[in-house]
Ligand SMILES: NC(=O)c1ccc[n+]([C@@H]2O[C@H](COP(=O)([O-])OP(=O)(O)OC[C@H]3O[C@@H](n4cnc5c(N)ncnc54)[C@H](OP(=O)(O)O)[C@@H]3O)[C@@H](O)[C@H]2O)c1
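Only one chain is shown below, in structure tokens, and it's the form predicted on its own.
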């Protein structure tokens, strides 16, 4: 299938592009001029353009049958007003401009897989959260609602829309592990806040396999939780990562107020979390290769 991807040079996009092309799909990766030097696997080509701005890149959109929308500024930063504006605009404008260009495919079978996040649900303590659970009211939840609303507009053009609500992606070359594994290797790993908060996560290869599954299972649409079936508490994450790396985790927890001082409003995301379950995928027959955190970390961090 001919696939058009935004955010294809990022942490998740790089793995996904590799896995899609390995299965015989052709992928066009939209790149800003500053990214033009990045290499792509065989079967993938680049197209220069800024998705937050209307431009000539939109003319190439109708040549494709499926669209994977990953673009967005990282949320793993201190949430100043400026950072929150960049986080929002990078997602909303990219999705809006992509959907506008997809209108030219009206009458042709078209698929849009648009990213959202487990943060859609807000903070619910120990409550199990499925695709039917209501949205939250914090910044990340409101952003996810607005982001998804832009993607759903593609249905007006006859497009099948799947809203992929990502958990924390575990992988080799970035994301959460890219930040915390070096700290643990220096024997500085510790629980964050109370340690009781839930972490809804997914192995990067299972995430790629979900997209391959969605390309074939065309009956699925609407929101899908892209998280492993066994979320863990932060305390279990600390213990498991320490064991896999072979390092002790004896330090006292990092107080929640310190995380809020360092990360601002994003600190609440770290110390609260949510327990999100992939009921839609499981009901559709998707089988996770790495359902437990221990299996996932052992595969990712193997020498």
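Residue numbers count along the first chain shown, from 1. Since the structure is predicted, the reported quantities are computational estimates derived from the model, not experimental observations.
One more form of this protein exists, namely the form predicted in complex with the ligand; it is left out here, but the text below deals with it.
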Quiz item: Does residue 243 reach the ligand in the predicted bound form, with heavy atoms at most 4.5 Å apart?
Solution: no
Quiz item: Though only this chain appears here, would residue 90 touch the ligand in the predicted bound form if you measure heavy atom gaps against 4.5 Å?
Solution: yes
Practice problem: Indicate whether the ligand has at least one heavy atom within 4.5 Å of a heavy atom of residue 167 in the predicted bound form. | Solution: yes
Quiz item: Does residue 13 reach the ligand in the predicted bound form, with heavy atoms at most 4.5 Å apart?
Solution: yes
Quiz prompt | Heavy atom of each of 9, 72 and 115 within 4.5 Å of the ligand in the predicted bound form | solution = yes
Practice problem: Within 4.5 Å of the ligand in the predicted bound form, counting heavy atoms only, one of 151-159, 213-221, 90-98, 130-138 shows up; tell me which. | Solution: 90-98
Practice problem: Using heavy atoms only and a 4.5 Å cut-off, determine which of 31, 27, 66, 271 is in contact with the ligand in the predicted bound form. | Solution: 31
Self-check item: The unique member of 147, 198, 184, 121 whose heavy atoms fall within 4.5 Å of the ligand in the predicted bound form
Solution: 147
